[in-house]
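Quick heads-up: it's one chain on its own, the form predicted alone, in structure tokens.
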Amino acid sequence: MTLGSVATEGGFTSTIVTVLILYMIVLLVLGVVGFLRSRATEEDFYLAGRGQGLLVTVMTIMATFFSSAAILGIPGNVYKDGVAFTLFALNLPVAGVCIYVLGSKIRRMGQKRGFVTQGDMIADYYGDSAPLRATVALAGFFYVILYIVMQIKAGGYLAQVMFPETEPLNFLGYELETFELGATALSLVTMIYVLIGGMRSVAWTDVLQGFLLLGGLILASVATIAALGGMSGFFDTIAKLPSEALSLPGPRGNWNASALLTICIFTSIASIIQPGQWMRLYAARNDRTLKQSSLVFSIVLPSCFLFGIMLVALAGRALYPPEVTAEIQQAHEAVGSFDQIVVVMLKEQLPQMLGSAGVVLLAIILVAILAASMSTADSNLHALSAVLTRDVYDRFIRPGAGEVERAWVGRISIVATTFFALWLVHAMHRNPDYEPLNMIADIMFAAIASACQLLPATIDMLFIRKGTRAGLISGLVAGLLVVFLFTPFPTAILDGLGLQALADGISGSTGLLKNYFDIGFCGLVVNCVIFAVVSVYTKPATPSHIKAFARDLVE
């Protein structure tokens, strides 16, 4: 059964429209309620008054962590690389440990000293300066922009599935396809409710989106297993996969033990110390809330992730084997692209198995995938607003600006960021030859690698306290530069300048390293070495300052 027949015979289009409208109405209502409950202060807009309890804290952390990459990008890699990439699920309990170990210290310092962003805390310990604020803000900016682009792109993909027969819309001389309409709609709705209610609205909508997401994962797993004849049929299907898809390093040879180990460790840590999650640590009511959240996170999310999504993608590889040649590997023609495997599995299996009820469940799951995109996009929009307002505008442009002015600047930055990210998505869609990162998972790894470069500063100020401001800036810049070299951008720039030999050299070196290590880890190694060496030869903070900071971490 094709998606077209689902739409015709099962009333899919009207069902998805109804479910989607109800979902959007609830989101906007939560935004308005968040606005009515909020106070006109910067702390309330960005941190909801630092009073979030267990349910809101754990759901907003999970919803922010579990983006469109979790239901589209990561399963796409499992479909592409088989069992090897299912081990990526190990990064989730590692992330839970990070929340437990780092969260209470970060929350405590934020509460005592009024921190709102990462830059506030790092600048407080190492000594505030324009270069420090700029480099920390730059790391956050790269992460957030890439993650927002990833979510908007996912919204476009989902629109193509939800409304396959939609005619292009002519707007101001431009013909907008279904992908572009979906990406635009997701961007605008997310932007509106973030603007209205700030962190309170974002957190409340994350609770709704989190429950939809977890429910969607469970439904996806149950539907796939049932369609294949139960657990025995499911494993019989998986057993038919070729041997290279059932072992390390996978069909392409990309996932050896060192690559998986560094990815599982460093992507998980980076995902917790990125701007949006860092602010969620500040917003928790107390240390106990964060520690309980870490336990729930470590149990619930890995279970749903592994059994609800990765096994679905693995079954998809068995039913729709990729087309492999000596040069390339392409998704099966019925799948279209690797990122679509979970959606294809669901749209084929649910209506066949449950009839009209399956169509309703399919609509709910697609909205759950949309929720995953929105829950990460809203968190990152909100976090970038704080970074641009407090770490850039308040430090470089208008240091004397009042709280009301900064709040308006934050809202303007949300609008500007949304339209900038949307423009990037539209440009990449219309010019595929210039799209630097094709798969959603590729965008995710590049974003996380940027956030990972803040790890040395985090570990140093929380536990070691031997680094200096000059060491931090030097190491962070070097780490970000290394991460940049692993993206397609340097090659494209050097090719444009006629430096083909240099471009080939960089591409060859980074390609070799990527076979063995996570790209964030590669940047981190350079970062740590330079941080340590420069810190030895530069002036640290005064002993009294370090002692006071350490005291506040434990009291």
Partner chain sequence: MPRVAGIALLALKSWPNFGLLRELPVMLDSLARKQKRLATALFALMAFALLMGPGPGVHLVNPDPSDPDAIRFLFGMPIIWVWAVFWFMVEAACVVTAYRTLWKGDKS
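Positions refer to the first chain, counted from 1. All figures in this text were calculated on a predicted structure; none of them were measured in a lab.
The protein also exists as the form predicted together with the partner chain; that form is not presented, and the subsequent description refers to it.
Of the stretches 115-123, 448-456, 84-92, 405-413, only 84-92 has residues with a heavy atom within 4.5 Å of the partner chain in the model of the complex. This chain is displayed alone, yet in the model of the complex one of Ser221, Ser294, Thr135, Thr468 has a heavy atom within 4.5 Å of the partner chain; that residue is Ser294.
This chain lacks the partner; the member of Ile238, Leu485, Met428, Val477 within 4.5 angstroms of the partner chain in the model of the complex by a non-hydrogen atom is Ile238. Annotated contacts: Ser243, Ala257 and Leu261 all touch the partner chain in the model of the complex [non-hydrogen atom within 4.5 angstroms]. Taking the partner from the other structure, the partner chain in the model of the complex has a heavy atom within 4.5 Å of a heavy atom of Phe234.
Not displayed here, the partner chain is kept clear of Leu169 by more than 4.5 Å at the level of heavy atoms in the model of the complex. Using a 4.5 Å cutoff between non-hydrogen atoms, Arg288 counts as a contact of the partner chain in the model of the complex. Though the partner is left out of this view, Ser303 does reach within 4.5 Å of the partner chain in the model of the complex, counting heavy atoms only.
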